[in-house]
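Let's start with one chain on its own, the form predicted on its own, as structure tokens.
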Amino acid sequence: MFKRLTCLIVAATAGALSLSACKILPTPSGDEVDAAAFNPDAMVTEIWTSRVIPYLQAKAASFAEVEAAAKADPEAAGTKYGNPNKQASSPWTYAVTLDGTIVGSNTKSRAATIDVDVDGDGKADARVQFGPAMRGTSLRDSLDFVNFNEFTNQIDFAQYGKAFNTYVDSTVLSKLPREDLEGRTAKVLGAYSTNKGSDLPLVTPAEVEIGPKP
């Protein structure tokens, strides 16, 4: 770590200078400069309205349509409804809309969720993350204009993915009601990744509208 010398220079005599009130301050390393410059929250805020929402609106289809396509051919569905340029090792992620009735909720947990019935049979078809804590990076991963190679390392890329969730919670989810949700309608724009096992598809929302109490 190099040091830089900051001094108050005063004239002592004509033709001679002396140094006083000197401080030794550390010069930031390259890593420290990069860390200070990287602000994932600001990056997400900058593109949210102009790029993220229009992209999701253009790519998304109804949950029933996307889920049927994903089960038939995950790759074709991922190309159509998500990011065809994803990392090879990453699961396919799909932009989706849900329009249905809330049939279950767990809003006491920090990782709150609501269960939504979209086909009217009274059973949940998808689970929507409700914050403040949210799992995964589905919003980031659905965007075809986000490229891992543009980030310094995996840590920065992961922080960028989490910044989407943080933004949604602070601007959307934190303003929604959290009590007496069952029976209300829910309209959601978001994204979810390939589902494994018998768990409900877990949708990370970008926009949510909760209807009035029935």
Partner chain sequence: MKLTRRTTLVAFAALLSIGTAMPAYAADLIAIITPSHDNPFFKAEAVGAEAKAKELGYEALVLVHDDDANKQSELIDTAIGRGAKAIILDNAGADASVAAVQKAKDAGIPSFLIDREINATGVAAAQIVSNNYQGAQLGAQEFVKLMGEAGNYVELIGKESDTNAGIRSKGYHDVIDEFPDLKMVAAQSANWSQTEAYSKMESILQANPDIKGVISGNDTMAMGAYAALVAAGKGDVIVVGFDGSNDVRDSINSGGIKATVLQPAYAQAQMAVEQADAYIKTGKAPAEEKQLMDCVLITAENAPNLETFALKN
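None of the values given here were measured: they were computed from a predicted structure. Residue numbers count along the first chain shown, from 1.
The same protein also has a form predicted together with its partner chain, omitted here; what follows describes it.
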query: Based on heavy atom distances of at most 4.5 Å to its partner chain in the predicted bound form, which listed stretch, 182 to 190, 154 to 162, 55 to 63, 42 to 50, is the contact stretch?
result: 154 to 162
- prompt: Taking heavy atoms and a 4.5 Å cut-off, does Ser170 contact its partner chain in the predicted bound form?
  reply: no
query: Does at least one non-hydrogen atom of Ala76 fall within 4.5 angstroms of its partner chain in the predicted bound form?
result: no
- request: State yes or no: in the predicted bound form, is some non-hydrogen atom of Asn83 no more than 4.5 angstroms from a non-hydrogen atom of its partner chain?
  value: no
- request: Indicate whether its partner chain has at least one heavy atom within 4.5 Å of a heavy atom of Thr113 in the predicted bound form.
  value: no
- prompt: Each of Thr101, Ser105 and Pro177 near its partner chain in the predicted bound form, meaning some heavy atom within 4.5 Å?
  reply: no
Residues within 4.5 Å of its partner chain in the predicted bound form, restricted to 80 to 105 and counted by heavy atom: Gln87, Ser89, Ser90, Pro91
